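Just the one chain here, laid out as structure tokens, in the form predicted alone.
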């Protein structure tokens, strides 16, 4: 359940980080700030059962990889070198998640 909170927080980070480029009205900024607050509330809640270092690493990794991919879909330039290093980052995220021990009470 707590890793699901990290995943949802990471997805929300992708949305608000990608939306920053296009926000130009007050309501755009209100939505962006709301998404930021919700994202960090979910992340902080996950810290109760998941080590902070692992949760934050996965959160930032999801945000980085997801925002990069969103940028590609929104027409931003990409290169094979960037994709290579993004793949290495993704392997690190998966490694952090899979090598983190479960704490008592975590499913």
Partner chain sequence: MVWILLFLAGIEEVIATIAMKYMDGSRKIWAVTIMISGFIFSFYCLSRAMQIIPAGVAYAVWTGVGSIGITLVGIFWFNERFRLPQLISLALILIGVIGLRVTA
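Numbering follows the first chain given and starts at 1. Predicted, not measured: the structure shown is a model, and the values here were computed from it. Just so we're on the same page, rigid core means the largest C-alpha set that superposes within 1.5 Å between forms.
Keep in mind that the form predicted in complex with the partner chain is not shown, yet the notes after this line are about it.
Proximity of residue 11 to the partner chain in the predicted complex falls outside the 4.5 Å heavy atom cutoff.
Interface residue remark: residue 57 is not counted as part of the site for the partner chain in the predicted complex, having no heavy atom within 4.5 Å. Taking the partner from elsewhere, residue 47 is found to have every heavy atom lying beyond 4.5 Å of the partner chain in the predicted complex. Proximity of residue 36 to the partner chain in the predicted complex: non-hydrogen atoms within 4.5 Å are present. Remark: with the core as the superposition reference, the CA shift of residue 25 between this form and the one not shown stays below 2 Å.
Residue 81: CA moves 2 Å or more between this form and the one not shown after rigid-core fitting. Once you line up the core between this form and the one not shown, the Cα of residue 91 ends up 2 Å or more from where it was.
Note: the CA-CA distance for residue 56 and residue 91 contracts in the predicted complex relative to this form, by 3 angstroms or more.
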